[in-house]
Structures are given as C-alpha cells and as structure tokens.
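What follows is a single chain, given as structure tokens, in the form predicted alone.
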C-alpha cells in the first residue's frame, strides 16, 4: 500500500445520533482514530431533527437512556416518564459534553457517496461540499427512520404560507395562535403534532388517509423521590429490557386470548388501556398479533373506546381503522388525541372520500372544496429502514451499488453486514432487532466494537459477509415473519411507501423475531471467531 492509499482514519461513522455517539465513545476506547460526519449542526439524530410540537418517545425514559455508564445514570434525572424532545436533546448534548465527543465530529457534513477502494482496503467518503476522507472501516449510524418523505401531491412547492415536514421542523418556534393550520398525516408523528396544534390554532384541519389504532400514553412527571427509586432499580430495569421480546419493560402475557372468560378478557384489556406505555400492544395476550379472531377482539375493544371518546358518531367511525387490526401497524401513543375531534376548531377530512387534488398558493384543494391555510404540516413519515441508505451512493467491491443490490429488498448478514461491501458495518440496519431502540443500539455498537478489536489483535484488515451467511440469516428472518398479521398489512413494517418509487410492494426489510434470539445468534457468530464472515 502506497502512502496515497493510506486511510485518513481507522473508522468513519456516519451520523451523530444515539448510535453514532456511543460508537465514537467505544472506538476511542479501542485507541482508534475516528471521524464522525453529521449532516446537522448538532448531535442528537432523531431528537435533533424531529423537533415538531408534541414530539416525545413512548418507551419509558429510564429504559430509553444509555446504560453503559454508571456515572451517567447517576448524573441524569428524567423529569417525565415519557420525556419530550427538548429534554431528550438536552440529554444527548449532556452525553456529548460528558465524554468530550464533539472534537471528533464534523457538523454540517452530509455524506453523499461512499466508495470501497480495494487497492488500499479503505472506504472513500465524499461530502456534499465535495470534500473527501477515507477510513479502513465505515460504520453507518443513520437510523431506520431518518429519511423523510413528502407526499406526491401537485403544487407542494407553490404554497405561499409556512410549510414543513415534521422531521425537518424549524429551529425557531412556530406559533399557531390565530392561524389556520393543516396537518397531513395521522401516523405517530401526526398524532403527536395534532394534539398540540389543536390547543392554540384558530382552525386545525386534519387530512387523514389511513386511520391508526392509538392507545393512551398516560404520561406523568417524575418527582425527586421517584427518580431516586428508579436510579436504585436501574440494574433491574435494564435486565428486564434484556429479557423481553422487544426490549421494552412490557412483554406478551403467556396466556392466549381465549384461555380466559369474556369477563376476564375485558378486565385485562381495561387494565392495559389504563396503564402507561406500550403494554396494550406488546404486553397483551400472546396471540393477538397472530390469531385473526383474537386480534378482532382487541380491535373491537379499542374501537369501542374511540366511539366513547369522540362525540360525533360519523367522525368516530372515520377514526377507526377498517383495513388493519390493532397492533399490526405501529401503534401511536396519545394524550387526549381523540378528544381533539370534539373541539369546534378541529375538522377531520377523510381523504378516502375526498382526496387532495393539489396544493395551491393559498392552501389545499380536494375533490370537494378549497381550503385556505396559513401553515401546512406534512406528517407524512419516512422512507423506512433502507431509505437513508438509498440517499447515499454506496459502492462496494467491483463497483456494486447498494441501491441496486437492494432494489427488490434488503439482504444482510445479521443486519450489520452486506456481502461485497467489505468493512461496511451497519448500526440498526435492516434485519436487526428494533423495539426499544437504544437497547438495540448498545448491543449493535458493542458487537461491532468487539469485531474490530478481534481484527486489530490479529492484524486483519478486511471483513465481509458471505453469500452463504446472508442466505442463512435471511432464512431466519423469513421464518421469524411467518404467521404475523402485520405481514399482511401495508406499512413501513413491510417496506411499503407510496411516496417512493419502487416501494409499492411488500418486502422483507424487518427482523420480526425476539431481541434475545437475535442477540443469541449474533453472540454465536462472535463466539465462533466470526468464521461465518470472510476475514482477511
């Protein structure tokens, strides 16, 4: 290798969100020279970009933060059981400061291309401004939900008022008092936004294409004494997260829906509906996500709750999903979301009845009428799981393009490696265990860090997935997906996005098995000396 071929860094990490920050910390601990490239002007990833009103996570705060540092756990107090975006962003800035991470991060540095150079065994990364850097290893920390999509509606660019996507919200405050506001979309971000905008807007019009099953968040503040108790229970809390199916504090009840009497079943549903967090989704009867008859019962229960909470029967029916059962798509958690539609300043427009024809300079035109707005909010979601990869020109061995390789659906080895893309390692890539995201992040980062330590100790400079390893893992992914009702539904879970070319058919982009099973499989790869991968 000539001096010109020598990489600038041992590793380049793309993204300074929760994955990128922890990965930088771990690689520093290995004595590696690292550079993180971040498109934003600050750290935080999801919590930097998604600053829309009402943004908060729906995993319990104390199960969501990092667990790797006892000192960090001792130093940070959470103010709410489900922390809002500003608090989470403060937390991640605190982490960056506490571990002095910023000195190895380049902000306002969007990666546009990453090409493998076999002659020097290095990745060459190109930034939006044309500058370049290279590294032996390239690690993606770009997130599964980080590539926002706009709807395919004529005239979006003509609107003269303020318009913004929830994932690209302005840093300066947006005021809704006295304003006529439109929100397009009723997924998780749409639900959170609608709840807040309705409090102050002169008129809020919600444009709904697909209603979603929502459940109460039941958030509450955390007092000093309670935080002290939580801190004492951190070992138990994180142990519980390691044991459960999706790393939440909740896990499925071992009983099936029809193992109990109708009265017991109703009481159990009521209990879950009244408790905070995802218990009604991931802590329900064992078969509600696989048995159509069981799913119909929980769907009917939640539908009755919607009818009780929404005064106008016609509006209530529009808010009840008819094309999928409860829990088969991502369940938004809400705080008085349904009561919003009882307000005189809120109107629901069902786009299945009167579709949007175009955005106009003054508002929105549907097949039924013209609306005038001061603000349009696009809560239209993300090109999930693979979208952030598609927006970077990744080229592997022999010039293979990742976008082309994944055109019919992603194929990976344990969600962290792709055949013919040597030394490319993915955090939260397609087919990793998701669920409570930070728990998956810490596991992925630790696994990647252990692999790089293993290689360094043995003088190895190249690692690649093998076709056999990829096929074996993809078979595991296929087996884990069998029998799930969610795989019969169009959603980002199944790779569907009507706003993205080529993503109108279902694809296997998500690992649907348990987090413990995922970790056991990855641990087995490491324990065997990574022989299932091509090391050189």
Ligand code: NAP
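Residue numbers count along the first chain shown, from 1. Because the structure is a prediction, the values reported are computed rather than measured.
The protein also exists as the form predicted in complex with this ligand; that form is not presented, and the subsequent description refers to it.
With the partner omitted here, the residue from 444, 417, 140, 189 that has a non-hydrogen atom within 4.5 angstroms of this ligand in the model of the complex is 189.
The partner is absent here, but in the model of the complex a heavy atom of 492, alone among 49, 37, 492, 473, sits within 4.5 Å of this ligand. For the chain shown alone, residue 436 is not a contact residue for this ligand in the model of the complex, no non-hydrogen atom being within 4.5 angstroms. Heavy atoms of residue 505 never reach within 4.5 Å of this ligand in the model of the complex, leaving it off the interface. A residue is said to contact a partner when one of its heavy atoms sits within 4.5 Å of a partner heavy atom; residue 69 fails this definition for this ligand in the model of the complex, lying far away.
Using a 4.5 angstroms threshold between heavy atoms, residue 382 counts as touching this ligand in the model of the complex. Only one listed stretch (420-428, 181-189, 117-125, 305-313) carries heavy atoms within 4.5 Å of this ligand in the model of the complex, and that stretch is 181-189. Along 44-81, residues 52, 56, 57, 58 each place a heavy atom within 4.5 Å of this ligand in the model of the complex.
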